[in-house]
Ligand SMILES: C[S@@+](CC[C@H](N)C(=O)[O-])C[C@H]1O[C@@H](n2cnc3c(N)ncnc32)[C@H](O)[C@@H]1O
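We begin with a single chain expressed as structure tokens, specifically the form predicted on its own.
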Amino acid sequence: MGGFTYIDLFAGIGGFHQAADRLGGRCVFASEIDPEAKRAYEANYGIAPHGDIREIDARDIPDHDALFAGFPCQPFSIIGSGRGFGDARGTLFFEIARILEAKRPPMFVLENVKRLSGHDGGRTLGRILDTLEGIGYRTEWKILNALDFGLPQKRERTIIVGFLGGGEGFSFPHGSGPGRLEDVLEPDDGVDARFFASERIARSRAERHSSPYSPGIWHENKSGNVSSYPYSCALRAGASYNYLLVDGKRRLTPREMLRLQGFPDSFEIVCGDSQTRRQAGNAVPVNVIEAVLREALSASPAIGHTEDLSRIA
């Protein structure tokens, strides 16, 4: 394809950026409020994200072909308060709408937690779609699971795609199944001792659970029940480090967590362990976004194409 420009809002460490660049995109503006995520973003992409989106004048944002945003999920998540637009972070969606109305890019892709689709009996998502359609965008939405797109992580997310003209031929991708956990994990003998659980914790898990999977990710829920799978449960910004254990013995390393989100090993880790774990837990799954973008770009006549997207690896 001939390339396209995009802006990356609530950018985190650049899951959208990774996916878009694979398809010939060029980032012309990024915004992220967290200083550590901003540091990681700049180190990896050479772009210093602007800060609080609420303080950014839309006139200062360059024109672009596509707007991408994984807007804050805490107001809609099971782990968060679930207050939706009653939470100040929930109102940040309307900052996206403000920029869409001012800049009117041909296309957008938004990402949030699965629970957004059913929050407040569906009224929250309905209000979001009504707002977007009121600006003039034709919208589609679907819940997609990273497990279906080559990543060994069960991570279900609500994806909303919009077109300003066109998009009639768009359909969400189906994926081709999970990736192999073996391709994500480091050999135990190459993992630093600090990632291994204490003997007490490992023994406690082993007394409560025997796994048929090797390798497997053992998951302990809030009730203390232990289960295991040949993939990871959804990473979280805070708790993943403690509730997921590889084979019941050790915690995931930051690099392994990034791999579970589809980030390549070329992604440079410049922050400490706790910050990188948080960043990975907040990130969008790159493979899912790449598959959606491939379909969305093909269905957007306002973005020039000189090459079949299927030929771009």
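What you see is a predicted model; the values in this text were computed from it and never measured. Note that residue numbering begins at 1 and tracks the sequence as displayed.
From this point on, the text means the form predicted in complex with the ligand, which you will not see here.
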*asked:* Contact check in the model of the complex: Phe10, Gly14 and Glu32 versus the ligand, with a cutoff of 4.5 Å between any heavy atoms. Do all three pass?
replied: yes
*asked:* Please pick out the stretch from 46 to 54, 268 to 276, 59 to 67, 243 to 251 that is in contact with the ligand in the model of the complex, where contact means heavy atoms within 4.5 Å.
replied: 46 to 54
*Would you mind picking the one in Val226, Cys233, Leu92, Ala206 that has a heavy atom within 4.5 Å of the ligand in the model of the complex?*
Leu92
_Option touching the ligand, based on a heavy atom within 4.5 Å in the model of the complex, out of Ala283, Cys27, Ala40, Met257_ = Ala283
*Would you check, heavy atoms only and a 4.5 Å threshold, whether Pro152 touches the ligand in the model of the complex?*
no
*asked:* With the partner left out here, check for me: in the model of the complex, does some heavy atom of Pro72 sit within 4.5 Å of the ligand?
replied: yes
